[in-house]
Each structure stands twice: as structure tokens, then as C-alpha cells.
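Next up: a single chain in C-alpha cells, the form predicted alone.
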């Protein structure tokens, strides 16, 4: 799934930039000229997401973060920008973004809510003390609606809300070098030592609709080429409302760095 998604994104990007390059060699079409006179601009962008899903602040159950990898997360976006007023300093951006968000992390925990899959396929639920390795990845269709401010002809700031619809997701991993207290912190102790480990999978508990806020900057390096940076901060837990195995909320926080073609 990961390889297929990346292939589709790269193919779409190549087609878009290929079309954009052909346009750059010609005069602007009458449609683009009419849109510009009406205060409308169009842009396609590609970038990478760097970040992760994290509780804020770190709860007492997580004693130490031992490892972190952002993984390769790609985004492809199309934006329509509507400028207002004679000077066209203020505007509104409506976008559609296909993106991946993900991470891999390892932590030492104490009394961490967990449901593991035992050696015989049985499920054991309780409080885990020991090492946890987590893999998170989601594919989303995101719709940002942003207010824009043009500082000068090359520099633009923007900020506003976004909503994301998850098309696929994975939140899984394994535990090791520790023990599980079944049902509560004083329950039966199940020890995992040496090479023994147990897996877990909360993918079915991921929320299908998320929303948050976004802020960023866009710089026009050349006539059509733009460079951009955006911080997206989810304000909803990545898990469904009724999911309580993990006792704290986790929020997706990502920095997107990319480039684009402005028509």
C-alpha cells in the first residue's frame, strides 16, 4: 500500500509539473488571464511531512523516548486562491491535499494502557511496564481553508483550519523487556523477557475524520516556482472517541516542506 501510494503521487506530480512546464513556455491562456483579472490564482504543490502523533504534554506513563523516525511521508496539493480588494493583499485559499502522515517511535513506559496479542493468539488487556515500539501511518484527503496575507509580491503568509478524511491507517507495534498487569495495575503479572515479545494493533480504532489548524509561508522564488513551509496541528485525538485502551489523547503534529508551480 505504501509503495503504491508513493508511486501514484510521484506519477501525478510528474504529470502536473510536465503540464506546468509546457505552459511556462507559452503565453498564459485566456482562461488564466481572465482568472487573474478576477483575483483568482491556482497552484499545485508537492512536499514531505515530518512529525508524529504525540500526547501533549507527555504523560507520566511514558518515562523516556528512546527512538524516533519520521518515515517518508509525501503530500500532493492543489490550491485555488481568491484575492480581495484593489491591492489584493488579503485572500482566501481553498485546497485539496492527498498526503501521508506517519512515524516510528520507541519508548520506555510504566503502567501504559495496552492490549497485546499473546503467543497463542489470545488478547491480554491491562497495564504495561517496559519497552514499546510503535508504527503509525495514515493516508488522508485533506481540505484546508486558509486566510492569506500578501506581504510583498513574492512573500505570502497563510493560516486557518483544515479537515482530513482518512482512507487508510495503521497503528501497531510490539512490546518487550517488561511485564503486563492484567486488567489493572495490581492484576496478574505476565512477563516478557529476553527475545519474547508481543504485538498489538489499534488500526481499527483510528478516527476516520480529523481536523486541526494550519499556518505557513509561501515564497515565489521565480515566476512560477514557489517554496513553502506549513505547520499542521491536529486538535482531535487520532483515535475514536470511545477508545480508552490508551488513556491519553494523541495529536498529529507535522511540518510540511515543499515546492510548487503557480499558474
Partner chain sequence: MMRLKPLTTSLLFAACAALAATSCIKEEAPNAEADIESCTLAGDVLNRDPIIENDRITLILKKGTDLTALAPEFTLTPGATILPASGSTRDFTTPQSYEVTSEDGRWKKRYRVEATTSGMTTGTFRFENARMDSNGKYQIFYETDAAGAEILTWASGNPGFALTGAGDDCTDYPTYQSGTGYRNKCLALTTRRTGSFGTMMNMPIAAGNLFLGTFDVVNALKDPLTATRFGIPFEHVPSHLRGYYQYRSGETFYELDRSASDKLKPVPGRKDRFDIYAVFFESTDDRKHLDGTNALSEENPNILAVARIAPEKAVECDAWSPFEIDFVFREGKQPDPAKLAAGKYSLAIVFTSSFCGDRFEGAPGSTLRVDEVTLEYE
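In this text, rigid core is short for the largest set of C-alphas that superpose within 1.5 Å between two forms. In this text, all values refer to a predicted model and were calculated from it rather than measured experimentally. Residue numbers count along the first chain shown, from 1.
The discussion below concerns the form predicted together with its partner chain, not included here.
Within this chain, residue 197 lines the site of its partner chain in the model of the complex, having a heavy atom no more than 4.5 Å away.
Using a 4.5 angstroms threshold between heavy atoms, residue 111 counts as touching its partner chain in the model of the complex.
Using a 4.5 angstroms threshold between heavy atoms, residue 229 counts as touching its partner chain in the model of the complex. For the chain shown alone, residue 207 is not a contact residue for its partner chain in the model of the complex, no non-hydrogen atom being within 4.5 angstroms. Among the residues 187, 160, 95, 106, the one placing a heavy atom within 4.5 Å of its partner chain in the model of the complex is 187. Figure note: of the listed segments 152-160, 95-103, 139-147, 77-85, the one touching its partner chain in the model of the complex, with heavy atoms no more than 4.5 Å away, is 152-160. For the three residues 57, 63 and 179, a heavy atom within 4.5 Å of its partner chain turns up in the model of the complex in every case. Contact residues in stretch 238-263 (any heavy atom within 4.5 Å of its partner chain, taken in the model of the complex) are 253, 255. A displacement of 2 angstroms or greater separates the C-alpha positions of residue 190 between this form and the one not shown, with the rigid core held in common. CA of residue 121 to CA of residue 248: closer by 3 Å or more in the model of the complex than in the shown form. In summary, the C-alpha positions of residue 117 and residue 243 converge in the model of the complex, ending up at least 3 angstroms nearer each other than in this conformation.
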